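First comes one chain, alone, set out as structure tokens in the form predicted on its own.
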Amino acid sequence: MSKFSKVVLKKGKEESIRRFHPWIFSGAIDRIEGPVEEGDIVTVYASDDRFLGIGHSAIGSIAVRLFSFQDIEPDLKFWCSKFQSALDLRQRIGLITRKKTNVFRLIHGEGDGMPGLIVDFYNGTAVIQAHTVGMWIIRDLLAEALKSVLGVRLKAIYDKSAKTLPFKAAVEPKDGYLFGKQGKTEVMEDGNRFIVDWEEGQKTGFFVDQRENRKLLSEYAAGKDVLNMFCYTGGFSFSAMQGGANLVHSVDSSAKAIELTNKNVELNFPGDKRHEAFAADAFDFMKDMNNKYDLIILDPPAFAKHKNALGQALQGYKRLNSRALQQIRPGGILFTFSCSQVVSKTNFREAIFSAAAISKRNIRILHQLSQPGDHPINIYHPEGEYLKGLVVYVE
């Protein structure tokens, strides 16, 4: 019998759990036996007292996130096995040994059976983001498991959870090192060099999830005049330049992002006059482009983080893309993305359809894009497919 408090579901509410979906919603719970606070480990049972799983409790509509469907002891050995399984996947798909690449995602939440946890690896530093109090509480245990599994590869572990934990959580997280210390550093992706600042930058310091899409962009960039909106650290800009773009303009509302983009461009293409960066609002910048660009990248931050913001987000995608489609040169190519989990592939495609209708341009889809292999999607948890992208040809 488990030592943890017991969550008992209402009759018939166990079916999704028996199909290995890791979320338990508050409305499915019949009763809780024993004291439970946010972040506590609990065991979950069906109404007939059959064991279903073990996970972290939470305040909110998702009341439990399961990290095991077996009645185990979540000790160091258990978490080491989780990290080893994730590392094995990255090795199998060639990321660990890929030449000229030393940055990848090691843990992708539910996709790696660890709901509420993100770990990105930057050339020796593992950056952790806990999205649940449960994962944050055991951060030191997770750090020990990381050190055990990664061994000499690992130089430092940085916890960057202060802005990712639920705002109602009764905790006071502070970002900082759990092991070692290695400030912003240089990493490499497909031969392009980047300065990554996990202490001050967005997310964990870099958008690892666009690696394969940046590579695809480079194949379309030769001879093109390119606009990279929401450029952040300039990843798509370097790929366009690597692919032989005629000129590349990078735009972001953050002056810090523009400064970092310029530094990264200089790292990879010193003295190259093809690139220019602008700190500006995206919609303002795109008002009067006058057919200036024949390849545009739209990779905005998440427009919707909650379902109640979905309608507004879809209007934002429609407005942004219609402006790009109206002003791109004839024969132009648009790479457009949504990283909002609550925006489905169908939602996003319909928003681009509406934008195309507004622009009155003939448009054809060339590619439908998603996240790379180090951001795996648990087949039992389709909600994990958060990144959607389309590459369209505009006549």
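Note that residue numbering follows the sequence shown and begins at 1. Everything numeric in this text was worked out from a predicted model, so none of it was measured.
Unshown form predicted together with S-adenosyl-L-homocysteine (SAH); subsequent notes refer to it.
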With the partner left out here, check for me: in the model of the complex, does some heavy atom of C231 sit within 4.5 Å of S-adenosyl-L-homocysteine (SAH)? yes
F236: heavy atom within 4.5 Å of S-adenosyl-L-homocysteine (SAH) in the model of the complex? yes
Against S-adenosyl-L-homocysteine (SAH) in the model of the complex, would E172 count as a contact residue? Criterion: heavy atoms within 4.5 Å. no
Tell me, yes or no, whether D120 is in contact with S-adenosyl-L-homocysteine (SAH) in the model of the complex, where a contact means a heavy atom of each within 4.5 Å. no
Exactly one of P166, P300, G180, G124 has a non-hydrogen atom within 4.5 Å of S-adenosyl-L-homocysteine (SAH) in the model of the complex; which residue is it? P300
Between the options A282, A222, M289, A162, which residue brings a heavy atom to within 4.5 Å of S-adenosyl-L-homocysteine (SAH) in the model of the complex? A282
Within 4.5 Å of S-adenosyl-L-homocysteine (SAH) in the model of the complex, all of D112, Q129 and W136 (non-hydrogen atom): no
In the model of the complex, which of 242 to 250, 141 to 149, 85 to 93, 207 to 215 comes within 4.5 Å of S-adenosyl-L-homocysteine (SAH) (heavy atoms)? 207 to 215
